[in-house]
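Single chain ahead, written as structure tokens, the form predicted alone.
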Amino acid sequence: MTKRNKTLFTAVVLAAALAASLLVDCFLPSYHIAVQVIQKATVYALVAVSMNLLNGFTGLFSLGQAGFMLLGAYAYGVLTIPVDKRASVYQYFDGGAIHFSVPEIFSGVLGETVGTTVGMLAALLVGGLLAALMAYLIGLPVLRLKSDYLAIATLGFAEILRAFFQWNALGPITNGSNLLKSYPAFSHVTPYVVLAGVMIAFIVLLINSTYGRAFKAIRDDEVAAEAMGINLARHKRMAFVISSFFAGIGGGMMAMYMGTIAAAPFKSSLTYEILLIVVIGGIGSITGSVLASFLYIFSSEWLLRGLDAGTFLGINAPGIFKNGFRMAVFSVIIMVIVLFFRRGLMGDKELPDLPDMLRNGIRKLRAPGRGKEAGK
């Protein structure tokens, strides 16, 4: 497949994805399960790609993604709650310490519709910058560690941050252990798809730049990369900060999807989910992370939901299909994928390589004996 055809194929797929999101918004209500699945999948896709930038392309094993998502989510909620609703949201903290709303500020200048949207995007950006700043500060000591030690340190940071945000002394800002709610959110699919798509496009451009090639060199061989003149500490810190920035934006989008914000959902299991998606899709593949995110959320939140409800595919067996059985079946499916796709669904391939991958797979299925004869 030529480079021109690969570019054309990528453009067609992206256009089809955008058209599909517009059709979903036209024909399905915002409370439909399909809308919720797509919204959550786009959030997970963005966070998985940000983790892949760090784990797959730079070779840094970090498990702090949930902590950076928490920072982005709280920043978004705190900055966007309308002023007239802050008294009810912060009822245990005398209305809170912040008495302005970013969307309302922009609404006064740009009009309600445009101003609210711009304010929401600005709050998302602030959440990403806050996560990036925190990543820079903790990266100064933590990035001296390697492998499992780095993973343990970043995981500990995420858990400490989750407990810290529930501290009553921060209640006037974070509302303590109480929910943040009543903030604006996108109710349709298209804003999620467009926003996540733009963020992922920035990551793709970064990976294909000179900085991205430096990240890959560090992943492959740190000694050789340093000998070639690459500043290891600087590039590791850069990858860590950029990954955290996009994780913070993903956290803000997660807050929109959930409708309320609390520290409890941002625990280590969320990071493990994202890591699982990266492994299933292929470590070092942006396309793999996106595809795996949609497959994971579609299966866990929709396709296999009947396994917990007593009826699945028309089979009524409440004695078998009961609470918890869905996760057991889902675990088996993940084990099968990991066993038969050792490098993930995409390996290190990307979207333009997909037609060639499918063509080669069909050839192998049509001529199963050729490989053995060639081996003899």
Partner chain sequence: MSGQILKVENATMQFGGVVAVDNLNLEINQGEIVALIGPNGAGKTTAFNVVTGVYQPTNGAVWFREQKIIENHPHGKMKKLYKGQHAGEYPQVLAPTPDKITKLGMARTFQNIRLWKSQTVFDNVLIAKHCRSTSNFLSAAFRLNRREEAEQRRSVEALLETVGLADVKDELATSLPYGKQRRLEIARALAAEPELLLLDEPAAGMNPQETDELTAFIGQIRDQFHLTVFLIEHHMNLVMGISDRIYVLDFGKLIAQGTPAEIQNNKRVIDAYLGVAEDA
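Computed from a predicted structure; not experimentally measured. Numbering follows the first chain given and starts at 1.
The same protein has a further form, the form predicted together with the partner chain, not shown here; the description that follows concerns it.
- Contact with the partner chain in the model of the complex, defined as a heavy atom within 4.5 Å, holds for exactly one of 185, 125, 173, 230, namely 230.
- For the options 84, 148, 94, 220, the residue carrying a heavy atom within 4.5 angstroms of the partner chain in the model of the complex is 220.
- Contact annotation for residue 134: none of its heavy atoms lies within 4.5 Å of the partner chain in the model of the complex.
- Though the partner is left out of this view, residue 213 does reach within 4.5 Å of the partner chain in the model of the complex, counting heavy atoms only.
- At least one heavy atom of residue 202 is located within 4.5 Å of the partner chain in the model of the complex.
- When the partner chain is considered in the model of the complex, residue 113 lies well away from it, no heavy atom lying within 4.5 Å.
- Of the candidate stretches 277-285, 202-210, 148-156, 300-308, only 202-210 has residues whose heavy atoms lie within 4.5 Å of the partner chain in the model of the complex.
- Applying a 4.5 Å heavy atom cutoff to the partner chain in the model of the complex picks out 238, 242 from 237-256, in order along the sequence.
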